[in-house]
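In structure tokens, one chain follows: the form predicted on its own.
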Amino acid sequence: MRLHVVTFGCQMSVADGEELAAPLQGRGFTAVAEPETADAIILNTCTVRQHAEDKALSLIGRLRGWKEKDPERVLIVAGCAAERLGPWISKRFPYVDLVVGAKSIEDYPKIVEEALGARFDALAETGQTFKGESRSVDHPTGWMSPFSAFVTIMRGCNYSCSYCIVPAVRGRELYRSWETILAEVSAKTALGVKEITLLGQTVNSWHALDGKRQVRFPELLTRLGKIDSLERLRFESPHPHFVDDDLIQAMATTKNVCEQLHLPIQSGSDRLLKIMRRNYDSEGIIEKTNRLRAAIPRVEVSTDIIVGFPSETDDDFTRTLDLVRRLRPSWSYTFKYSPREGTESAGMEDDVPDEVKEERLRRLNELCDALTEDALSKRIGKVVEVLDEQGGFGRTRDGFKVAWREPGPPGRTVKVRITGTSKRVLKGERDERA
């Protein structure tokens, strides 16, 4: 039996896709790249932005023909859009076999068993697929790569950013125990995973109890740093509020923590940051970044930015450009504001004309692209260390993508001399002398 997984959205969605696939893998399904050849398709949706939601709904519509060719095929729609629009999806697309919202992912194995068990009784069972946290430990290599894998350490968000739908569709924060995180990381590295990315909506707000003592995220990094077989440790997506001296110290002193931090600023206007309910200001961002760079001189910073938020003025946008120039992110994810039903900002007047949003986005991208190109060009002529993820393609510790000639077997850490750049990717050749 063949399974195809389609994921829209962030790395959390990708990790969720791995978990969604695990029960069917446990029943004997194998992955296929082409949906036309699949016996089951899992469509993992995103609703953070309207565009991602629209793309998922469009694909569900196009999959009607795939389903009609063989009614025994299975179509599962899951994730954040499924949480927000579940009953509507079931009514609009009656050929969908199962709709599972993001808040139900912990119960997903049981839901799949109850909904689809009779259909696949003839398939081999593992007996362990639906027990405890086996979704992670029984499938330790992950769905996406045998050398680089995700580990979800928390779900949900306790913040109420006025533009964000995530708390509504994923719920309040829930944290995994540090013992189960350690077990999953150890299991994955035992099977050859070299790099782990810890995931959470506000990943650095994670905490748990060790007996009666609370363990916070910086200590979790330190404990995972003691796993000798774990070469690289990353985390996404942190909240600036929890970037404190303890986290900076843990990043600086834990040898396998990579020298890269994603720091979403969203805006450079303190007025807008208050309306967005981001609980920091622009000077606070710069102060944290300065401390980070003083402790880890090689660190690279990336960011998220929204343009066209309700009431954004030319002065507000100028302040965003000024903050980006001071922050100097090596790469940025930029977006036009779009209201999401159910958020506070959806009740505000969307008063920035679309043509103004487009122009501001163009100017912002021009600045961000120049900063990225500058960061890339500074590496020309240098030798960098790359984890080969795909045979001639991988990433540096500080997060840059690298492609090189004469690739060998993936999974090794190689030295590459950088000779040029292309479309935000460093290009080079193996340097056997380095």
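Being a predicted model, the structure only gives us computed values, none of them experimental. We number the residues from 1 along the sequence you see.
Omitted from view is the form predicted together with a small molecule, to which the following refers.
Engineer: Using a 4.5 angstroms cut-off on non-hydrogen atoms, would E219 count as touching the small molecule in the model of the complex?
Structural biologist: The answer is no: E219 has no heavy atom within 4.5 Å of the small molecule.
Engineer: Answer with yes or no whether I306 is in contact with the small molecule in the model of the complex, where contact means some heavy atom within 4.5 Å.
Structural biologist: Answer yes; at least one heavy atom of I306 falls within 4.5 Å of the small molecule in the model of the complex.
Engineer: Consider Q266 of the chain shown here, and say whether it contacts the small molecule in the model of the complex, taking contact as heavy atoms within 4.5 Å.
Structural biologist: Yes.
Engineer: Please tell me whether any heavy atom belonging to R49 falls inside 4.5 Å of a heavy atom of the small molecule, as the geometry stands in the model of the complex.
Structural biologist: Yes, R49 sits close enough to the small molecule in the model of the complex that at least one of its heavy atoms falls within 4.5 Å.
Engineer: Please tell me which of S282, S104, N256, S338 lies within 4.5 Å of the small molecule in the model of the complex, judged by heavy atoms.
Structural biologist: Spelling it out, the residue with a heavy atom inside the cut-off is S338.
Engineer: Tell me, which of L98, A208, C164, L361 has a heavy atom within 4.5 angstroms of the small molecule in the model of the complex?
Structural biologist: Exactly one listed residue reaches within 4.5 Å, namely C164.
Engineer: Out of the stretches listed (83-91, 311-319, 258-266, 208-216), which one is close to the small molecule in the model of the complex, meaning heavy atoms within 4.5 Å?
Structural biologist: After filtering at 4.5 Å, what remains is 258-266.
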